[in-house]
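As structure tokens, one chain now follows by itself in the form predicted on its own.
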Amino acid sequence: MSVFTHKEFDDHEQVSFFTDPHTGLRAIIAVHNTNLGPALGGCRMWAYENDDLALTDVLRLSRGMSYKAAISGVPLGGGKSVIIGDSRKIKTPELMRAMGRAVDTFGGRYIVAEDVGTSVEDMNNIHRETDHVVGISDKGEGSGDPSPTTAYGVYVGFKSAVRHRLGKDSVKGLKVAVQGLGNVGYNLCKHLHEDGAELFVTDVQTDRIDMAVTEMGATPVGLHDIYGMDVDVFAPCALGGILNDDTIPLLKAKVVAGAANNQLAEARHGDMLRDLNVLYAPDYVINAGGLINVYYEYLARKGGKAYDRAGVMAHVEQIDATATRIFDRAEKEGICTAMAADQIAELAFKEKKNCKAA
């Protein structure tokens, strides 16, 4: 398994591999960039088909966190971790404590949070071994599950994209195809349903689809059929890499705005969407609500102050202005929105590096 020559390496500062034979832990922690501050990013637990896929995922995710922090205006760097294994089968409190010990070896350069396959309870177990964790329960002086805040931020960015591309100030009456009904995707659906959108949903877990049908009157759709739905907006809220050569030509939606990380399989797919006149709301821009939330928790615990929920929500609302700025820049310069977002983010964390070097 090559690291330094890996196509997603992108000058990561540190990539570390951990095993614990007693608990079965097999994990990778990647720190992409700490120019703005300590690297903060979630711990994903997934049954990867092989180790190379796990490495690719953690490198892409950690890089994305550098851009997410920079575009959101929080003084943090980018990092991420993955645990290789099925969270429904091998996860135990002891395994998560072993993960906490791995996180602690970074001495605060990497701060862990929850992600796909992990939970607040898991962060509480990690917290038994390290202080460098956020998203712990309220009883532990944390902010709890960041998923609702992530979903709200996506909703804010979603409305910004709808206003920019469709000229509508409301989602009422819009048809929306939602791929993935995890904690974030389901909460996004609630916001859309409450404001009158018509939902078409899919997920690998049929019970989540049944819930959306029962609670929100959603229409169930096949896993592959979701791409070609005749809708106004496509909202990817599952895993990454789903906007690619095979799926983009199937899209009928005029807007893509969802919660999943790394939705573009390759950078060129941003140009492909632009050429098809599809407005793409860059994922790390609109799904930053969870990061903003745990950053405020980090600040509170570091300074011995109360967690500022009102400050969190005011900061999340700024996603609207950030997204609009990106859409306007892309149009003005004749580039795709993904490139416009990258340019703005890089000005923040790469210029900081130049200042440090000087």
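Counting begins at 1, following the sequence as shown. Computed from a prediction, not measured in an experiment: that's the story for all the values here.
Form predicted together with a small molecule: not shown, discussed below.
Check for me whether the small molecule, as it appears in the predicted complex, comes within 4.5 angstroms of all of 179, 238 and 287 - heavy atoms only. Yes, the whole trio is in contact, each within 4.5 Å by some heavy atom.
Residue (of 205, 170, 92, 214) lying close to the small molecule in the predicted complex, criterion heavy atoms within 4.5 Å: Of the listed residues, the single hit is 205.
Just give me the single entry in 113, 83, 184, 126 that has a non-hydrogen atom within 4.5 angstroms of the small molecule in the predicted complex. Contact residue from the list: 184.
So which of 248-256, 126-134, 71-79, 145-153 is the stretch with heavy atoms within 4.5 Å of the small molecule in the predicted complex? Going by heavy atoms within 4.5 Å, the stretch is 145-153.
Is there a heavy atom of residue 261 no more than 4.5 Å from a heavy atom of the small molecule in the predicted complex? Within the cut-off, so yes.
Any non-hydrogen atom of residue 267 within 4.5 angstroms of the small molecule in the predicted complex: Output for residue 267 is no: heavy atoms all beyond 4.5 Å of the small molecule.
Determine whether any heavy atom of residue 44 comes within 4.5 Å of a heavy atom of the small molecule in the predicted complex, and answer yes or no. Taking the distances in the predicted complex, the answer for residue 44 is yes, it comes within 4.5 Å of the small molecule.
Mark residue 223 yes when one of its heavy atoms lies within 4.5 Å of a heavy atom of the small molecule in the predicted complex, and no otherwise. Yes.
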